[in-house]
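Just the one chain here, the form predicted on its own, laid out as structure tokens.
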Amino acid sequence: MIVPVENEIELKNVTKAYGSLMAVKDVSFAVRRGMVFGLLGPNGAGKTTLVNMLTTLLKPTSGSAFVGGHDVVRAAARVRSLIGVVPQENNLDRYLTARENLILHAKMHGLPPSTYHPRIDELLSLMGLTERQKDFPNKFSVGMQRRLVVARALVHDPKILFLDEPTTGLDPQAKRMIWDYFLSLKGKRTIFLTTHNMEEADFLCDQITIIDHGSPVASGTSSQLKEMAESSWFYEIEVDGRSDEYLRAFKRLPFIESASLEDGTIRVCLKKEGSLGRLVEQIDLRDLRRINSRKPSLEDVFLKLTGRRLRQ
């Protein structure tokens, strides 16, 4: 069965169960060709399980999924020929050098040396690994191993990329370099990205679905999702010490929808306009350093929908 060509990835009522545990529950959505699609959610939300089904590593308990127009169960080999995968773990062969890891992957996809050697040279240069190509991965930092895993996924120039937390462990400069490369692929390749990095999703994704407890809770562009929280009122509060104490106190207030502490700043969402004065009354003014209003973020949307932070 072939799905419509405009949808590069399509899920129809997909469920994955492990006994009584439902890792993914009746999920349906489509990813159009050339799109960067983001699947957001906290650890344990079902993101990796979905990726494993779409990349043929797991079979759905029920429902159907198509990648490149091919059923992931009935045409698994054809699906694997179309995709590149950056898994969550750095699963490199530690007995092969960096270059040998890439050569092995190229050979597994049937590429001739005349094709894969120039491609590998290009990718090693892009990832800043040319000078280390003869070293073994266990001599690399976590960030360098991550860059090599990304390079490996790109060796055979796949039509569809699955990126499961692709920039975990990278320093900001390396992260931005890889983001820019993925951005350059927009319209040329379809990218399916899972992340709990809000900046990454904002920067890269055309369309985002937020998932929690195995089920989608919201979908749309970044701007559309943020609009879901615009009926709430968001503030950042800095105090001199006692941040944890104030956070606990704020969470008990009936007019507070959510409150969290991030990098020493208390972030609160009020349930209705006009409650700021009541909030300020709870603060010893000798402790108050700053209070600012702010626009809602993707993380605010998730808090509003689920009551917990994306990074939990």
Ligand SMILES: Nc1ncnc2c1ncn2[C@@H]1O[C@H](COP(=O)(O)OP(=O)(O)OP(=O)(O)O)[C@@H](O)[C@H]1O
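Remember, it's a predicted structure, so these values are computed and weren't measured experimentally. The first residue of the shown sequence is 1; numbering continues from there.
Only in words, not in the display: the form predicted together with the named molecule, which the text now covers.
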Stretch in contact, per heavy atom within 4.5 angstroms of the named molecule in the model of the complex, of 297-305, 6-14, 19-27, 284-292: 19-27
Among V268, V36, A45, A65, which has any heavy atom within 4.5 Å of the named molecule in the model of the complex? A45
Close approach of E200 to the named molecule in the model of the complex, 4.5 Å, heavy atom: no
is_contact(Q207, the named molecule) in the model of the complex, heavy atom dist at most 4.5 Å: no
In the model of the complex, does Q88 have a heavy atom within 4.5 Å of the named molecule? yes
Look up in the model of the complex whether T56 has a non-hydrogen atom within 4.5 angstroms of the named molecule, and give yes or no. no
Heavy atom within 4.5 Å of the named molecule in the model of the complex - qualifying residues of 188-203: H196
